[in-house]
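Starting off, we have a lone chain in the form predicted alone, written out as structure tokens.
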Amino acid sequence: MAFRASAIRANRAIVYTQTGDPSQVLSALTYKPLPAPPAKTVNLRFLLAPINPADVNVIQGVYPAKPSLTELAENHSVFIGGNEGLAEITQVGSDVSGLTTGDWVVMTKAQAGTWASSRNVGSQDVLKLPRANGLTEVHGATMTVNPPTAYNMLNDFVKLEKDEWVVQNGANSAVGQAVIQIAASRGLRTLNLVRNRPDLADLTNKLKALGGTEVLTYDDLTDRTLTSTIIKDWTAGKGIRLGLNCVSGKDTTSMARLLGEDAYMVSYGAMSKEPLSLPTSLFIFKNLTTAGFWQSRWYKRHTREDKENLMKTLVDLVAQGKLKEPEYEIHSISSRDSDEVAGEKIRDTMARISRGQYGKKVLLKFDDAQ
């Protein structure tokens, strides 16, 4: 009976037809119930889907990954928002193996359009999420971007041993908090840099409760004793061999000076919207290596087995209590609202996000039709 109810449910998606300001171009669109899935596809019901900063950039038209037009209604092709989300399989095509009704899955295809109640997708574009004690819908919905980014940056560039240090900026971001927790699970120490703020003591306590070793502000980087004495004492003279950058600009230039010999600086963002500028001396005298990381590229270049192993590793950390849910707020798209009203609500949400009024991860949930 549960499947029959999902099969006749009216569907809705958050869509746009042209790039621009999300608070202006997004709308809600109701579309017909899904037919039975073709042979190599599955029908999905999305449980939760986050609004990530990259999603905003995609809608603005300034992100490298582009969505494809989807015909949700006759002669009505649209872009569906959302790259990440947790879905439940409601029906499986005849030529699909390894997946079954009721499985939780996440998307492996970039810009798949997760801001929708239900979708039909190719079975190769989803990955089954192992069930485990403690794994919540929030964990699942936020499992394919931030935790993998943190895990892969900690593993793919430098082989760090227990008690070695990692320095990162943007430490209170979703990726930063995942870095802290995953590093702590491996016995690594983290130096976490954040902006100075009135509630710095509370933020410091929060990051240390997650497993962070030290928390400093960018203002602290002006202290010359950091590099001459403090870092040497903390690292027993070994230096810091991995730096993670999501800010760029002058603060990252200062952070780079904390790195020791043969270190890597890995960049995965530029929140300051300023270029990354590094002294030539770091390359000559410390043999610094710089690299960029993009989780979407990782998915494209790795096998399905690699992706499955990554998800299993992260779910195991959740089951062990070593990877917590991000702080979140759920915004429901009510089936009782008209498309016009639902559209107004999502545009208001995006406007509030652009003004920085949410300090938590915003998750979209489509209420069942009545």
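Here the structure is a predicted model, which is why all the values come from computation and not from measurement. All residue numbers are counted from 1 along the displayed sequence.
Another form exists, predicted together with another copy of the chain; not displayed. Remarks below refer to it.
Chemist: Select, from the options 69-77, 281-289, 165-173, 138-146, the stretch whose residues sit within 4.5 angstroms of another copy of the chain in the model of the complex by heavy atom distance.
Modeler: Of the options given, it is 281-289.
Chemist: Can we say Pro64, Glu274 and Phe293 each have a non-hydrogen atom within 4.5 Å of another copy of the chain in the model of the complex?
Modeler: Judged in the model of the complex, Pro64, Glu274 and Phe293 all sit within 4.5 Å of another copy of the chain.
Chemist: With another copy of the chain left out of view, choose which of Arg297, Lys206, Arg195, Lys238 has a non-hydrogen atom within 4.5 angstroms of it in the model of the complex.
Modeler: After the contact test, the surviving option is Arg297.
Chemist: Quick one: from Ile230, Ala184, Ala270, Ala132, grab the residue that has a heavy atom within 4.5 Å of another copy of the chain in the model of the complex.
Modeler: Contact residue from the list: Ala270.
Chemist: Taking the shortest heavy atom distance, is Asp262 within 4.5 Å of another copy of the chain in the model of the complex?
Modeler: The answer is yes: Asp262 has a heavy atom within 4.5 Å of another copy of the chain.
Chemist: Counting only non-hydrogen atoms and a 4.5 angstroms cut-off, does Gln91 reach another copy of the chain in the model of the complex?
Modeler: No.
Chemist: Indicate whether another copy of the chain has at least one heavy atom within 4.5 Å of a heavy atom of Lys32 in the model of the complex.
Modeler: Contact check for Lys32: no, nothing within 4.5 Å of another copy of the chain in the model of the complex.
Chemist: So in the model of the complex, is another copy of the chain close enough to Ser248 to count as touching (4.5 Å, heavy atoms)?
Modeler: Taking the distances in the model of the complex, the answer for Ser248 is yes, it comes within 4.5 Å of another copy of the chain.
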